[in-house]
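As structure tokens, one chain now follows by itself in the form predicted alone.
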């Protein structure tokens, strides 16, 4: 067991469950106990599947005792962001518009988790329709809080997923990412999170925010755990128009191969020139390069177009696509939307066709810059946050106008990204970084992330819950 966190990692638990040392029933009860004790303060979950989780855990234990071990997620409690269809449960996306919606089938990733023997332990809070920009107190459910400091934001939109994993309520969680919604809460909550290559994980049954950005992925305590979850989640699905029929490699086997000989490019300009990030962020992200250099990698610096260009393109395309998806409900159920999500979507109604087309043209040019950088370097590194975690009750009406979106460049470029804990602010809040790889090469991204985590030793520090 990890002492302060109260639960093991997925990798630790899987080894113990397979060996008969750890019971899925006792592990599930540990998670349920922690949820009961601490979640009234954290608000990570809005619905806990107490009886279903217990029944599934007993079934998993019986199967394992009978020699029918399904793999590393068998008997592992996993939290579900409330944007994924789950037959028998409402899928609300934390909006009154969807308060009574119940799908008649499971999302693709829910089916994969069930087939792998995972214990689905509950539905996690999210920003409304994954498009709030900041937490709000007027959505269907109250906002999740950051376990490191409950007065600070988790980031979004996978807010409950970030807080639940950080608090030790579950061993992993599902997130979705159309503009940093996996990576921002992972960074703010000090955990690991993977936005795989667009098309790698099926988005069928995921309530979308964007046609061309939305990705589904794991949020976990370690990058090793992300690899274990991604191994289950990845794969082609003909029901998802964005899914790509390409082989799924072994993500877990190469994790300990090391980084010697790899070329790593650091995009410093994003957090030193284009935006002046605090010294703690600069030092933490630069420190990743130094750590990888100690492990045998070669480090260089990469320059691309200013972050403002990436931000402008993303902030044109994303609201336009969000408005297109939600237009009918915005016309007919206006008053049921929270003001922040509604107002941000309405910005998309002002985007002209010519603006959208020009943004897509510029997107292609920007994508080419990342492709060129990855032709020279195996991996790119930059920050996953430009400022400390803001207060939970931040009232900025359009928070994305104050700070550019540091995650959106890699939604635009579609490349795989792993978020890792890079350090801490002076007040003890975590700092996150992005590790970016070539399309379809999540294996190298996860290998580098795992090597850094082992060498840096930053994951020994956990939130102190009260």
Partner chain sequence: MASDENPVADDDGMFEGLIRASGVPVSEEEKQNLRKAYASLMGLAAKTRKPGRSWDVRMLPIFMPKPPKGQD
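Residue numbers count along the first chain shown, from 1. Model, not experiment: these values are computed from the prediction.
The same protein also exists as the form predicted in complex with the partner chain; that form is not shown, yet it is the one meant from here on.
When contacts are judged by a 4.5 Å heavy atom cut-off, residue 315 counts as touching the partner chain in the model of the complex. The closest heavy atom approach of residue 293 to the partner chain in the model of the complex falls outside 4.5 Å. Shown alone here, residue 392 lies farther than 4.5 Å from the partner chain in the model of the complex, counting heavy atoms only. Though the partner is left out of this view, residue 402 does reach within 4.5 Å of the partner chain in the model of the complex, counting heavy atoms only.
Listed residues 299, 386, 324, 347 were compared with the partner chain in the model of the complex; 347 is the one with a heavy atom within 4.5 Å. Listed residues 222, 153, 123, 197 were compared with the partner chain in the model of the complex; 197 is the one with a heavy atom within 4.5 Å. Comment: 350 to 358 is the region of 350 to 358, 261 to 269, 372 to 380, 169 to 177 lying near the partner chain in the model of the complex, near meaning a non-hydrogen atom within 4.5 Å. Taking the partner chain as positioned in the model of the complex, the residues of 296 to 314 that bring a heavy atom within 4.5 Å of it are, in sequence order, 308, 309, 311, 312, 313.
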